[in-house]
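As structure tokens, the next two blocks hold two forms of the same chain, structure 1 and structure 2.
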Structure 1
Amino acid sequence: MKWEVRCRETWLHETNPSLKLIVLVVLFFAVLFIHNPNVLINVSLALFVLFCFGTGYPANVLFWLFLPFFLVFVSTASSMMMFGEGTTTWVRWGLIHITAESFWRGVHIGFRALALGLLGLIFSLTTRPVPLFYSLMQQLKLKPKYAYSFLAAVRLLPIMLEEFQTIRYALTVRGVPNKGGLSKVKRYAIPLLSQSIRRAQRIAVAMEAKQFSGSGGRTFYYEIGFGKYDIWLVALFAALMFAAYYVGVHYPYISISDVR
């Protein structure tokens, strides 16, 4: 069974994975400390544009990937709006109490969750597992035994999905009813768990046989370095944050500059 989705390679795919990870982690913490909703809205909009046009995936795939994060945006924003605290009451109906302060705090928290989700999507959609772990070993000096262990675990995920589909087809052919709570879980969980344990044991033995102990120097088949696209990456996100801050401060959408 195929789980592969076609995508167009963009310049974000050519950047150094470790540098991209560091830049996006810095942006992650920067978003956490932005308390001006105007700046945060600008950051979220810029990340959304980059998500749509910089990842290289078809529009229908991006829609389904973005939908859960949009639902998180709606749920977090509405929860803070309806149950937050404030002094300027807009709507009061039973337990629901919407104030001016809670409304803008809800908008702020919603866009913060959206921005964090977009950062994660941009990184995951433009980074391949193999170059990522090779870059972590070469640039960030991650021990090979941890890198190859994580890489092996990542490669097991599509295999487990195929095995789940195979078990499902086998049960259907044998006429096993697709109902029942705990019994249905046992029908799928026990075969998947046993196969995973066997495969993990074989991988561990293979890694020991190839001396993935982390001691001594190692050579790499893939050499991950830096290039012009890495300069573009740093310059793009620096310009993005500067533009979002400048426009949010000097041309605000709302008069509130701090929601704390």
Structure 2
Amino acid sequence: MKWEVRCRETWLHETNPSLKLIVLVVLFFAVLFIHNPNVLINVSLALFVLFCFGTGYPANVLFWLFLPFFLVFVSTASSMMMFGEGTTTWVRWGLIHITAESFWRGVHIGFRALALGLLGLIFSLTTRPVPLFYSLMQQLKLKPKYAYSFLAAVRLLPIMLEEFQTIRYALTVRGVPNKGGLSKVKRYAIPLLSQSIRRAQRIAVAMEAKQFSGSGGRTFYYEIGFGKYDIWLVALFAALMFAAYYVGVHYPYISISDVR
């Protein structure tokens, strides 16, 4: 089954995965502490541009990946707008009560959710599991035991996906009605899990049979170091945050500078 989407490798793929992880985690917390909606809108826009042009995926793939995050944006923003508290009433209709404060707070929270989602997307779209775990072992001293276990699990996913498809066929063939919440979950989960657990156990034994000890010295097939793109990465995100802040404060779209 085709499940992997081919993409063009961009400079973001070339950066050190551990560094990228740290930078994006720092940004993650930074976004949580931005209270000026103007700044946050700028950050989100900048991340969106990076998501569109920096990840190397075709537009249709990006669209489908972005869609759920956009829905999260709409739902968080709208619920905050309609049910939040505030004093300057714009609309009141039954339970729905939109005020100026709740409106802007809703916009703000929506953009925050969007920015966090985009950070996650940018990271996962430009990081392959193998370099990530090699880098985590080399730069952040993650124990090989955990790194290789994760990699083995990643390998199981496409196999599980294929099995899921086959089980669906098999149940159709037996005439199993395609309904019934819990029993349906059980029908899929039991064969899938029983296969996966057995396979995971066998892989673990096979790994130990190849003299994998989980600790102690080892060499690495991939040496993950740092390069010029890592400087770009740090510089770009620093510039991006600064620009977003500067533009947001000096050329605001709206007159509110703190939604709290």
Partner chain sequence: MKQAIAIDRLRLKFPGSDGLLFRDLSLSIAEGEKVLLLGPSGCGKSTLLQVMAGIIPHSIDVPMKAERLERPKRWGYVFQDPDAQFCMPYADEEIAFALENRSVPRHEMPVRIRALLDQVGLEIAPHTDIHTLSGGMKQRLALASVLALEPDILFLDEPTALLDEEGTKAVWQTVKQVGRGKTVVIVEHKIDHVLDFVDRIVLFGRDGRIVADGEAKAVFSDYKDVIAAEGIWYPGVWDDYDRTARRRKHHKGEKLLRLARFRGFRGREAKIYVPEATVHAGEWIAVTGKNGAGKSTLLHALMQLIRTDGEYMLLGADIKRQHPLYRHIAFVFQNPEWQFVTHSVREELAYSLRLEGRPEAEIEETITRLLREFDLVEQQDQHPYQLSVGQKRRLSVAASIVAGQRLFLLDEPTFGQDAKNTFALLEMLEAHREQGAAIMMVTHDEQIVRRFATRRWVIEDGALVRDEQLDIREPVLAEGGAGR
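Along the sequence of structure 1, residues get numbers from 1 upward. If you superpose the two forms and keep the largest set of C-alpha atoms that fall within 1.5 Å, you have the rigid core. The shown structure was predicted, so the numbers you read here are calculated from the model rather than taken from an experiment.
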Which of the two shown structures is the form predicted in complex with the partner chain:
2
After superposition on the rigid core, does the Cα atom of residue 186 shift by at least 2 Å between structure 1 and structure 2?
yes
